[in-house]
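There is one chain below, alone, in structure tokens, taken in the form predicted on its own.
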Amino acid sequence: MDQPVTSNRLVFLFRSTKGLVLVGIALVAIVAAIWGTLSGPLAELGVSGVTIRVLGMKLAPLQREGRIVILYHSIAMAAVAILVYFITSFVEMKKQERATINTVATVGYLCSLIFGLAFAYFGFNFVFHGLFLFGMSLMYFTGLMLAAAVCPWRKDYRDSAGHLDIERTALFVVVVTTLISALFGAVTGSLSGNGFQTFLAENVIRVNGKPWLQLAIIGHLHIMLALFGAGVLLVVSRWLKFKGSAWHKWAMPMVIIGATILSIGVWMVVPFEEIAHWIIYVGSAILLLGGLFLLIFTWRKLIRERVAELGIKKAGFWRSLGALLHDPLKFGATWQMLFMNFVTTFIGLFMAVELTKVIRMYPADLERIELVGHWHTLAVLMATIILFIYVDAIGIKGRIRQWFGWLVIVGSDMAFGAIAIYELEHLWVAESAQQPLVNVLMLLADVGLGLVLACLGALLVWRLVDLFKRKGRWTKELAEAASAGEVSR
């Protein structure tokens, strides 16, 4: 393999948007595949023991909470970096700003991911812990630079009348509230061993009078996931060319107001826990309206464009439905936003309303299962949306696009639909009939997630094989990145 080709591959992987996103997705997939063997069905089959022995992991039971917290943060940093890559790609900014933000984000998440997992699972070398924190600090600095780059008050990004770009303003609000919310975790973590002990939020759900440091971490966990979702919504808005429509003019204020109220509500959890939750509900509802307006616009647009493409003058219900479902990636991104409300938001609201009357009448483990399922479902469904954006960006079309999109949609929805029923089945199924139902639900969940992972694995294997070709698809994508000014060759 000659030097110029090797150099071009590195430029593609670590400087172009498509390459950076590919590396991030691949690393998250590898971590999920390996660390996924340590729990769940694979652990029950004894695979976890093999993983631990082969890799030489050191898993002391007393350090379990700390390991899991670092694992979550390591994966989260990679996910945030991928979102940043899409933002810098879709949002207008100076070329140097884009290059610097992407570079710092890449170094930051790689340090966090590699050294965080090395510290937590392979021997507690505190040099690695320092590098893990260094990576997290770089990611925070990335956020500061991103906020400066998307600042809507800059003259370059106002319209001809001097008005603010409403979508840019929404993105700025989401970035700034995310930076503030990150401090809840950072400040609390800095007090580790000096008034704060690592814990998992789901383990203290029924503890009364929680210390303010625990409340800060619980708030941090919830708001970071919610604001990541708001960031995904804004990226999808750019991807689907939402800007300029009447729905867009209503949606962006909803994102600004909703994200602001939601963040304030979470920040108030520490001093005013009781009333803070009501503020959170209001902010969440307003933010969800922004997503609903995006969905309405997108579905109408998909139907209109497909009907026009087919030359149909007047489409009935079934033809309109077929037109809507024609592109599983663009339909799927907004569908997943809607679907996650049924398997997370509505269940969460039900549990909050019926917490003392119904939920707390059952064992704590059942409530804990719902909480853990809630967070993981939100995270993975948002990950599928990011995957759809990436697959569309690399130009996958035809039958492969159809198969990939629908398998991911059906697989993820089947899995998380089953998990949603599993979380609440004890409320309406007699105890004697629960185990047969649980067996079916777990089978559906395993098959569904297996389909999603198989699609992801096939995508990554294909990209890896292509990367070793001298004139593979990656060369075309590198040329496109050079034309767009992302890289210089």
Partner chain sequence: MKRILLSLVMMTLLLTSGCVSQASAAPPPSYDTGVNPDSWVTVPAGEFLMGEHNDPTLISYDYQIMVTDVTNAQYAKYLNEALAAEAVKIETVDNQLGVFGYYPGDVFHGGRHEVRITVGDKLLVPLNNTDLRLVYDESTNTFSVKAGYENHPMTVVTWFGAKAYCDFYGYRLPTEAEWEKAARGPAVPAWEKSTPGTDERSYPWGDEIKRNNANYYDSRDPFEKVAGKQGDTTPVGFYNGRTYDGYQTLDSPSPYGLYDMAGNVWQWTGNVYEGTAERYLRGGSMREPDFMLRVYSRNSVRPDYYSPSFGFRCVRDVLQ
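Positions refer to the first chain, counted from 1. Just so you know, these numbers come straight off a predicted model, no measurement behind them.
The next section is about a form of this same protein that is not shown, the form predicted in complex with the partner chain.
By the criterion of a heavy atom within 4.5 Å, Gly322 is excluded from the residues contacting the partner chain in the predicted bound form. Contact between Thr103 and the partner chain in the predicted bound form is not found at the 4.5 Å heavy atom cutoff.
The partner chain in the predicted bound form is not approached by His248, whose heavy atoms all lie more than 4.5 angstroms from it.
When contacts are judged by a 4.5 Å heavy atom cut-off, Pro436 counts as touching the partner chain in the predicted bound form. Note on contacts: among Ala454, Leu443, Val54, Ile30, the single residue with a heavy atom within 4.5 Å of the partner chain in the predicted bound form is Leu443. Checking Arg300, Arg206, Arg158, His376 against the partner chain in the predicted bound form, a heavy atom within 4.5 Å turns up for just one residue: Arg206. Comment: 193 to 201 is the region of 334 to 342, 193 to 201, 126 to 134, 144 to 152 lying near the partner chain in the predicted bound form, near meaning a non-hydrogen atom within 4.5 Å.
Site residues Ala43, Arg360 and Glu431 are all in contact with the partner chain in the predicted bound form, judged by any heavy atom within 4.5 Å.
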